[in-house]
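Presented below, as C-alpha cells, is a lone chain in the form predicted on its own.
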Amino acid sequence: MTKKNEPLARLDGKLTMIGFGSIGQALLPLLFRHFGLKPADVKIVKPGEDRSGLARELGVEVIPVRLEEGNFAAVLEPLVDKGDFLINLSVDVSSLALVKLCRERGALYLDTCNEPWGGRYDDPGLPPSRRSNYSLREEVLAWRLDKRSGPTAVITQGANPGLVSALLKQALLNIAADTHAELEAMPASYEDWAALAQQLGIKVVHIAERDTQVAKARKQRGEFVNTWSVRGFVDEGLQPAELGWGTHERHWPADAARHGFGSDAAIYLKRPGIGTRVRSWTPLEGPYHGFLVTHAESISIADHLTLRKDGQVVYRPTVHYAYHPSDDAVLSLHEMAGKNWQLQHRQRIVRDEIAEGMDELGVLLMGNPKGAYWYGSRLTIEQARELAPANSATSLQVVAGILGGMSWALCHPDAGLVEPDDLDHRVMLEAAMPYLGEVAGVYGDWTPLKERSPLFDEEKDEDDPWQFLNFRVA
C-alpha cells in the first residue's frame, strides 16, 4: 500500500486547477507530495483573488477570472497543452466543454462532478429530467461513443461519486470471501461484477454517509453552514432526487418518472433530493434518516451492475445516496426549506474551526443472507489534520478519490473518457487508503423495517424488506 509521503505517479507536464474552494485547498499540498510537481508547475484559475492565502503561501499563481462559455477556451488554451493535466473543482463550468478542450490540446482531465454551465440546475423552464444527473451523464456518454481512446478524461472522481465505486467492488469481493461464494477469477468486466452482485443476492446499494463534524461556533439564524461547498451541496440538492431502479422493485412511487431515453438504469422523483428522506444505516451511527440527494454514482453503479439476457434486463440493484450531513447543515437545510428553498445570504464552510467529529462514508450492500454489509472510511477530524494540511474529514475523503483517479490517468494516458466504474479498484484504493482513517467492513441485522414504531400505520411491504417503499420516509 502507498504511504502518505510516497509518490503515486509522475506528472511531467503542467497542472491547472479550476476552482479553489474547500476541495482545491485540500488537494493543493498533496499534489507536490505525490506527483513530483513544483509550485511553478501549477496554476489556479478562480473567480477573484485567493482569500485563503494558501496559494500565495505555497508559491502558486492564481489567475483571477470567472470562466464562462464565452471565454473559457481563450483563458485555458495558453495553460493547457499536450501532457498537461486539467483538474476541474469548480461549479458552473461545463465538464463536457472542458473534456473537449483537453482532447483537442492533448491534456489529461479529471473532475469530481459532471457540471453544466451555470443556470441549468435551477432553470424552471427546463423539465426535471433535463436538470438531472442522468441527463448530464447521457450527454457525455453520447459524445464518447466514437471516441474510445485519446487523452484520458476521468469524470466524477472524488469520494462520492468516485471512490465509492472502488469501495463497492471491494465490498462485493469481501462478501464473496466471507460467504464462501464460488469466484473463479477476479471480475474483469461490467458483466462479471454484475453477475457477482446477482450471485450474492444484492438487491439494494446505499452510499451511506453520516457526517458528525461540529464547529466551535454553531449555525446562526440566516446562515448556511457546511463541511464542504455550500453552493455545490445546494445545487445538487435542488436537482430531482434520483436513484438506480432495481429489477426486484414492485411498488412504483407515485411521484416517480422515467427519462424515456438512454440506459433506463435510473428514475427520478418529482421533488428535490434535499426534500426527500430515506432510511439507512452505518455501523457507528446506527439507523438514521438521510437525504436522497442525486449523485452520479447512483446512476453509473446501477448501469454497470445491470445484466441483460436476449436484450432484456434480468438484474439490477436499486442504488442511491443516503446522506446525513453535519448537524448544522441539517439545520441549515431546514431553515432553507422554510424559505421556499431560497439559500441564506450568509454561508460558512467550516474546517479549521471544527472541534470534533468524523465522516463515516461507505457503501451499504443489502440482500445477502449474511446481513447488510457496510464497507467504508471512518475518518475523524483529528486524523485528517494529522494526515494533510488544509483539510476536514470530508474534504480529505474527496481528495483521496482524486489522488486515485490522477494516479490511474497518468498510468493510462490514452484511455479516453472514463467513469469511476471503469477504473481498477485496486489502483484507486492503494492511492486512497493512507488518507481514509479506519477502513472497516461490518455486517448488521438492520433492515428498514426493523423496530419500526407501531404507533401509526405506514404503507410497507413486509414480505420483502428491500423494497424502496420501505426505505422512503413518508
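For clarity, every value in this text was computed on a predicted model and none was experimentally measured. Start at 1 and count along the sequence shown; that's the residue number.
Quick note: we don't show the form predicted together with a further copy of the same chain, though the next part is all about it.
Counting only non-hydrogen atoms, which stretch in 376 to 384, 167 to 175, 325 to 333, 98 to 106 is within 4.5 Å of a further copy of the same chain in the model of the complex? Careful reading of the contacts points to 325 to 333.
Which residue, R131, H248, R231, H259, has a heavy atom that falls within 4.5 Å of a further copy of the same chain in the model of the complex? For this set of options, the contacting one is R131.
Just give me the single entry in P187, P253, G150, P272 that has a non-hydrogen atom within 4.5 angstroms of a further copy of the same chain in the model of the complex. If I apply the 4.5 Å criterion carefully, the residue I get is P272.
Candidate site I23, F35 and K82: all three near a further copy of the same chain in the model of the complex by heavy atom within 4.5 Å: No: no residue has a heavy atom within 4.5 Å of the partner.
Evaluate R210 for contact with a further copy of the same chain in the model of the complex, applying a 4.5 angstroms cut-off between non-hydrogen atoms, and reply yes or no. Result yes; R210 sits at the interface with a further copy of the same chain in the model of the complex.
Verify the contact flag for Q312: yes if a non-hydrogen atom of it lies within 4.5 Å of a non-hydrogen atom of a further copy of the same chain in the model of the complex, no if not. Close contact is absent here: in the model of the complex, Q312 is far from a further copy of the same chain, nothing within 4.5 Å, heavy atoms only.
Would A215 show up as a contact with a further copy of the same chain in the model of the complex if we use heavy atoms at 4.5 Å? Because a heavy atom of A215 falls inside 4.5 Å of a further copy of the same chain in the model of the complex, the answer is yes.
Hey, in the model of the complex, is R221 touching a further copy of the same chain, heavy atoms inside 4.5 Å? Although a further copy of the same chain is absent here, R221 would touch it in the model of the complex, with heavy atoms inside 4.5 Å.
For the stretch 226 to 260, I need every residue with any heavy atom inside 4.5 Å of a further copy of the same chain in the model of the complex, listed N to C. L238, Q239, P240 sit within 4.5 Å of the partner.
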